[in-house]
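The chain below stands alone and is given in structure tokens; this is the form predicted alone.
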Amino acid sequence: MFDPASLRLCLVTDRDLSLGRSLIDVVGAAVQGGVTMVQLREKTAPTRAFLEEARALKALLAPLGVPLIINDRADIALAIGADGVHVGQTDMPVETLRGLLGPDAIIGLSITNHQQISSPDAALPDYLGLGPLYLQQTKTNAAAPLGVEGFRTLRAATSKPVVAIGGLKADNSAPVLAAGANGLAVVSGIVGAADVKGAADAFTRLFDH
């Protein structure tokens, strides 16, 4: 069952930014620092390696009550019993995913502009990922940054829970929360930190103010 509170601090994995550390080590430290959801994103890993990573993460996170979301790959999510999937505009439609994964799966959809947030598909997922907020380095084909005011305008167009993503750091995220984000989805700001737990904790403290 989807709990919007789980969106508070979502870690999005990126092996290229992890400074040679294992996925399990990075995610484990991030959860200790307050991460409340993990999205496994693997754009280049072979399917079998992706599957093994997902299975290992599920074993780590399930006892802790931290949902595991798989980026794009409904087949991987089904195979390991993940909590859900997150998809983009060119991936499998949300309605199709719901039919495959069932009513209890958590489904997120990425939104970058007003046309997308006004589409029928945007009414179907459990939550929306709005971004990119700022200039970021993890996607070479990312849309132009929304900025805080662009985010605020998009956020006002939906009653869905939303997470902000894109270039988020502990020192630039407070205005995004004030603009209506239910949570923050962070990639390099946690994965690429020398002290993963400390970086996650710095984001977590933003919710205490």
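Note that the structure is a prediction, hence the values are computed from the model and not measured. When you see a residue number, it is the position in the sequence shown, counting from 1.
The protein also exists as the form predicted together with a further copy of the same chain; that form is not presented, and the subsequent description refers to it.
Trainee: Within 4.5 Å of a further copy of the same chain in the predicted bound form: all of L51, R73 and L100, by heavy atom?
Mentor: Yes, because L51, R73 and L100 each have a heavy atom that approaches a further copy of the same chain to within 4.5 Å in the predicted bound form.
Trainee: Using a 4.5 angstroms cut-off on non-hydrogen atoms, would P46 count as touching a further copy of the same chain in the predicted bound form?
Mentor: Yes, P46 lies within 4.5 Å of a further copy of the same chain in the predicted bound form.
Trainee: Is K169 a contact residue for a further copy of the same chain in the predicted bound form, using a 4.5 Å heavy atom cut-off?
Mentor: No, no contact at 4.5 Å.
Trainee: Would you check, heavy atoms only and a 4.5 Å threshold, whether A123 touches a further copy of the same chain in the predicted bound form?
Mentor: Contact check for A123: no, nothing within 4.5 Å of a further copy of the same chain in the predicted bound form.
Trainee: So, R55 and a further copy of the same chain: in the predicted bound form, are they within 4.5 Å at any heavy atom pair?
Mentor: Contact check for R55: yes, within 4.5 Å of a further copy of the same chain in the predicted bound form.
Trainee: Relative to a further copy of the same chain in the predicted bound form, which residues of 89 to 122 have a heavy atom no more than 4.5 Å away?
Mentor: Those in contact are Q89, T90, D91, M92, P93, T96, L100, D121.
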